[in-house]
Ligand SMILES: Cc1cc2nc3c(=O)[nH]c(=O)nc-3n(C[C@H](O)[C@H](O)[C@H](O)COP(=O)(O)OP(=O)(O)OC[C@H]3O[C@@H](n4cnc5c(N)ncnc54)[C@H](O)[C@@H]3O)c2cc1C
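Okay, so here's just one chain, in C-alpha cells, the form predicted alone.
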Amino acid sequence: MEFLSPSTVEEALEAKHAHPDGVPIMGGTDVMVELNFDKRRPPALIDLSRVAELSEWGPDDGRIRLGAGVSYTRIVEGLGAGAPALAKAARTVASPQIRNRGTVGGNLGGASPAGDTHPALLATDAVVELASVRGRRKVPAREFYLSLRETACRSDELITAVLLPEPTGPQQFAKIGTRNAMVIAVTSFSLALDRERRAVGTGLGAAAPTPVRAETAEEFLAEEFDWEGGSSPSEAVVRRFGDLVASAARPIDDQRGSAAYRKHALSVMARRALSWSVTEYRKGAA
C-alpha cells in the first residue's frame, strides 16, 4: 500500500488524480477500523491531515464555508449559533476522542446511511464542494447521496468543504440509539425552519439505503405553520407531520432495531423536534 502525504490542496488533488483508487484519510476514525479488520486494502492512502485549508472554516458570501477536515469538536465549540443542527449532531458522535479526530468530510465520504451529520446537512440545504485537477464544483447535499454508500463524488475528486446557509429559524437534531453514547444511530432526524423563505427542511438518518428527506412532510408543515407568530400547531397537525415523516422512511430490520420501531421513533422525534422548534421560533418572533 502506497502512503501519500500532500501538504497543499493542489498536491492532494494531483495525488487523487494519479491514484483514483486511493482512499483519502483525515481523522481515520472509519478508514483505520476497516484497515485493521482487513475489510479494505486500497492501493494507496492519501493522508490529508497536513492540508491546512481543509481544517479551516469561516464566512463565505453569506454562508459558512466549513473545511472538510474540521473536527466534530471544533464544530461543537464554534458553530452552535452558525450551524445549530450540525453542531447538535456533532455533539452526539461517539466519544470525545472520536470527536477530536472525526470530520464531516469523512462522514460524507463514507456515506453510511447512519452517519450523524447527514440529516442536518439535508435539512439545512447545505452544499458539498468537490474538487479535482479539473476544477471545483458544488453539489447540493440533497443531490449528493445516490445509493447505498455511493455519492456524487467522482473517483478523481476530493470533498474539500461544506457550505452551510446562515440559519433563519430554529434547527433541531435528534438521535435514537441503544444507549446514550458510543452508539451508531438506530435512526435520527433533523428539522430546520426557514423564516425568510417560509420553508421547512428535514433529514432522516438510518431510515433508508441513503439519508433522505421527508418532502411531503416539509410541504405539509410549511403550509400549516404559523410563520407570523409561531403559535403552536394543533395536535392533529403535529401528529400528521410525524406520520408523514415516518412514511418517508424505507428502513430495514437489523440488530439495532426493527423497521417498525424505526418508523415509530422517527414519528416521535419529528413531533418533539417540531415542539422544540415552535418554542424557539416564538421566542425569536417576540
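Just count from 1 along the sequence shown to find any residue number. Since the structure is predicted, the reported quantities are computational estimates derived from the model, not experimental observations.
Keep in mind that the form predicted together with this ligand is not shown, yet the notes after this line are about it.
By the criterion of a heavy atom within 4.5 Å, residue 197 is excluded from the residues contacting this ligand in the model of the complex. Proximity of residue 139 to this ligand in the model of the complex: non-hydrogen atoms within 4.5 Å are absent; the residue sits far from the partner. By the criterion of a heavy atom within 4.5 Å, residue 236 is excluded from the residues contacting this ligand in the model of the complex. Residue contact check for residue 33: one or more of its heavy atoms lie within 4.5 Å of this ligand in the model of the complex. A heavy atom within 4.5 Å of this ligand in the model of the complex is found for one listed residue only; from 201, 205, 106, 170, this is 106. The partner is absent here, but in the model of the complex a heavy atom of 93, alone among 122, 93, 192, 162, sits within 4.5 Å of this ligand.
Although this ligand is omitted here, in the model of the complex all of 98, 116 and 158 have a heavy atom within 4.5 Å of it.
Residues within 4.5 angstroms of this ligand in the model of the complex, judged by any non-hydrogen atom, belong to 40 to 48 and to none of the other stretches in 243 to 251, 40 to 48, 224 to 232, 58 to 66. In the model of the complex, this ligand lies within 4.5 angstroms of at least one heavy atom of each of the following residues of 24 to 53: 24, 25, 26, 27, 28, 29, 30, 31, 33, 40, 48, in sequence order.
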